[in-house]
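Next comes just one chain, in C-alpha coordinates: the form predicted alone.
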(Lines give C-alpha, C1' and ligand atoms only; values in the text may rest on other atoms or scores of the structure.)
Protein backbone atom coordinates (compact mmCIF):
# COMPACT_ATOMS: atom_id res chain seq x y z
CA UNK A 1 0.00 0.00 0.00
CA UNK A 2 1.28 3.47 -0.91
CA UNK A 3 2.21 5.76 1.93
CA UNK A 4 0.32 9.03 2.17
CA UNK A 5 2.28 12.25 1.90
CA UNK A 6 1.59 15.79 3.07
CA UNK A 7 3.53 18.49 1.29
CA UNK A 8 3.87 21.71 3.26
CA UNK A 9 4.59 24.70 1.05
CA UNK A 10 5.94 27.64 3.07
CA UNK A 11 7.37 29.89 0.36
CA UNK A 12 5.75 32.63 -1.67
CA UNK A 13 5.62 32.03 -5.41
CA UNK A 14 8.27 34.70 -6.04
CA UNK A 15 10.83 33.93 -3.31
CA UNK A 16 12.86 31.26 -5.03
CA UNK A 17 12.38 27.63 -6.01
CA UNK A 18 10.63 26.31 -2.89
CA UNK A 19 7.08 26.91 -4.10
CA UNK A 20 7.73 25.39 -7.54
CA UNK A 21 9.50 22.37 -6.06
CA UNK A 22 6.62 21.70 -3.67
CA UNK A 23 4.15 21.81 -6.56
CA UNK A 24 6.37 19.57 -8.70
CA UNK A 25 6.54 16.95 -5.95
CA UNK A 26 2.77 17.06 -5.49
CA UNK A 27 2.13 16.71 -9.24
CA UNK A 28 4.63 13.85 -9.57
CA UNK A 29 3.13 11.99 -6.62
CA UNK A 30 -0.36 12.56 -7.98
CA UNK A 31 0.69 11.19 -11.39
CA UNK A 32 1.65 7.96 -9.61
CA UNK A 33 -1.67 7.98 -7.75
CA UNK A 34 -0.11 8.41 -4.33
CA UNK A 35 -2.39 9.80 -1.61
CA UNK A 36 -1.15 13.39 -1.43
CA UNK A 37 -2.30 16.40 0.55
CA UNK A 38 -0.90 19.90 0.34
CA UNK A 39 -0.80 22.54 3.06
CA UNK A 40 -0.05 26.19 2.28
CA UNK A 41 1.58 27.68 5.38
CA UNK A 42 3.37 30.94 6.23
CA UNK A 43 4.22 32.83 2.99
CA UNK A 44 3.04 29.80 1.02
CA UNK A 45 -0.49 31.19 1.30
CA UNK A 46 0.48 33.82 -1.29
CA UNK A 47 0.51 31.04 -3.89
CA UNK A 48 -3.27 30.80 -3.59
CA UNK A 49 -3.99 34.40 -4.54
CA UNK A 50 -5.61 34.76 -7.97
CA UNK A 51 -4.51 37.26 -10.59
CA UNK A 52 -0.80 37.32 -9.83
CA UNK A 53 1.54 38.88 -12.37
CA UNK A 54 4.89 37.16 -11.86
CA UNK A 55 6.31 38.49 -15.13
CA UNK A 56 6.63 41.89 -13.45
CA UNK A 57 9.19 40.26 -11.14
CA UNK A 58 10.69 38.18 -13.96
CA UNK A 59 9.34 35.01 -12.32
CA UNK A 60 7.53 32.04 -13.81
CA UNK A 61 3.79 31.75 -13.31
CA UNK A 62 2.78 28.91 -10.96
CA UNK A 63 -0.95 29.29 -11.68
CA UNK A 64 -1.01 26.49 -14.27
CA UNK A 65 0.73 24.11 -11.85
CA UNK A 66 -1.73 25.01 -9.09
CA UNK A 67 -4.73 24.49 -11.36
CA UNK A 68 -3.31 21.09 -12.41
CA UNK A 69 -3.26 19.73 -8.84
CA UNK A 70 -6.87 18.39 -8.90
CA UNK A 71 -6.30 16.98 -12.40
CA UNK A 72 -3.45 14.90 -10.96
CA UNK A 73 -5.56 13.69 -8.06
CA UNK A 74 -4.20 16.14 -5.49
CA UNK A 75 -7.51 17.32 -4.11
CA UNK A 76 -6.76 17.50 -0.39
CA UNK A 77 -5.68 21.13 -0.20
CA UNK A 78 -5.37 23.01 3.07
CA UNK A 79 -4.39 26.52 4.08
CA UNK A 80 -3.34 27.83 7.47
CA UNK A 81 -5.99 30.29 8.64
CA UNK A 82 -3.53 32.07 10.93
CA UNK A 83 -1.07 32.54 8.04
CA UNK A 84 -3.86 34.13 6.01
CA UNK A 85 -4.87 36.36 8.91
CA UNK A 86 -1.31 37.52 9.68
CA UNK A 87 -0.84 38.53 6.03
CA UNK A 88 -4.17 40.36 5.79
CA UNK A 89 -5.58 37.73 3.44
CA UNK A 90 -8.32 36.23 5.62
CA UNK A 91 -11.56 36.37 3.66
CA UNK A 92 -9.82 36.94 0.31
CA UNK A 93 -10.88 34.70 -2.59
CA UNK A 94 -8.41 31.92 -3.29
CA UNK A 95 -7.41 30.47 -6.66
CA UNK A 96 -8.17 26.93 -5.42
CA UNK A 97 -10.60 25.56 -2.88
CA UNK A 98 -8.40 24.96 0.16
CA UNK A 99 -9.75 24.03 3.57
CA UNK A 100 -8.66 26.58 6.20
CA UNK A 101 -7.22 25.03 9.37
CA UNK A 102 -5.59 26.32 12.53
CA UNK A 103 -4.38 25.19 15.93
CA UNK A 104 -5.28 21.60 16.82
CA UNK A 105 -6.70 21.04 13.33
CA UNK A 106 -3.19 21.45 11.92
CA UNK A 107 -1.77 18.95 14.39
CA UNK A 108 -4.48 16.48 13.39
CA UNK A 109 -3.64 17.03 9.72
CA UNK A 110 0.02 16.17 10.26
CA UNK A 111 -1.00 13.01 12.15
CA UNK A 112 -3.13 11.78 9.23
CA UNK A 113 -0.19 11.42 6.84
CA UNK A 114 2.62 8.88 6.84
CA UNK A 115 5.20 11.30 5.42
CA UNK A 116 5.51 15.07 5.67
CA UNK A 117 7.72 17.07 3.33
CA UNK A 118 8.24 20.75 4.09
CA UNK A 119 9.63 23.12 1.49
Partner chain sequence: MTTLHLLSQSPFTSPLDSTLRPLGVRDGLLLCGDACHALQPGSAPLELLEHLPASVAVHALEEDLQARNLTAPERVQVVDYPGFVELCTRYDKVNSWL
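Positions refer to the first chain, counted from 1. Worth saying up front: this structure is predicted, and the values here are computed from it rather than measured.
Keep in mind the form predicted in complex with the partner chain is missing from the figure; the text below concerns it.
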{"item": "4.5 angstroms heavy atom contact with the partner chain in the predicted complex for residue 103", "value": "yes"}
{"item": "Partner proximity in the predicted complex: residue 110 to the partner chain, non-hydrogen atom cutoff 4.5 Å", "value": "yes"}
{"item": "Contact test in the predicted complex: residue 42 vs the partner chain, heavy atoms, 4.5 Å", "value": "yes"}
{"item": "Contact flag, residue 82 vs the partner chain in the predicted complex, heavy atom cut 4.5 Å", "value": "yes"}
